[in-house]
Ligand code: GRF
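Okay, so here's just one chain, in structure tokens, the form predicted on its own.
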Amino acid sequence: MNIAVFCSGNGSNFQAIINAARSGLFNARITLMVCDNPDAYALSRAKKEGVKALLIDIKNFPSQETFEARIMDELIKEDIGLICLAGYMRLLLSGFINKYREKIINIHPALLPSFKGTRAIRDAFDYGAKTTGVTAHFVNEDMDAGPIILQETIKIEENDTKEMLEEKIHKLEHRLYPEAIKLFIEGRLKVIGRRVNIS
């Protein structure tokens, strides 16, 4: 199976997915990295790892529909069977999601449905939550709302700083995301309504 990873920033989860594939955790190829930010460090990672990168700027397109159509052309060309969002900071339109329904996975740095959005780690920390964690989920039309594949908790210690919590969250993401991808590739995930059954 060919995997495409969508990134907008550092790309540490992109790196974790590459490392997992290289270690033999799952049988798939990281064929394409799609990036919407010319300053993203993820582009350097792709170059170093020999992964084809599609750098695409929405400002060069008349609409998000045409922007995503260009991405879809590349996904079709590369015969992509799974899309992994890894710090991709753009919501996908329903047409794109319908084309790849239950073939798009995201990793979120909180226990959904709590602390949705791009500031999840900070929000959980500032709220004074005692526990947070990481969620791997399928993507649907609503932000951070698709059926949950895997979740794991992290205790927020009293002496944790926000930076310490971020480090713990990222470490867990780098382990949990490849596990979710492995389950998908092995055909062990079945979506029934809001639930994902794992065989």
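What you see is a predicted model; the values in this text were computed from it and never measured. Start at 1 and count along the sequence shown; that's the residue number.
This next part talks about the form predicted in complex with this ligand, which is not shown.
Where does this ligand sit in the model of the complex: which of 68-76, 83-91, 124-132, 97-105, heavy atoms within 4.5 Å? Selected range: 83-91.
Ok, 170, 162, 52, 29: which has a heavy atom sitting within 4.5 Å of this ligand in the model of the complex? Comparing distances to this ligand in the model of the complex, the residue within 4.5 Å is 170.
Distance check, residue 11 to this ligand in the model of the complex, heavy atom within 4.5 Å: Because a heavy atom of residue 11 falls inside 4.5 Å of this ligand in the model of the complex, the answer is yes.
Which residues within 109-130 place at least one heavy atom within 4.5 Å of this ligand in the model of the complex? Counting only heavy atoms within 4.5 Å of this ligand in the model of the complex, the single contacting residue of 109-130 is 109.
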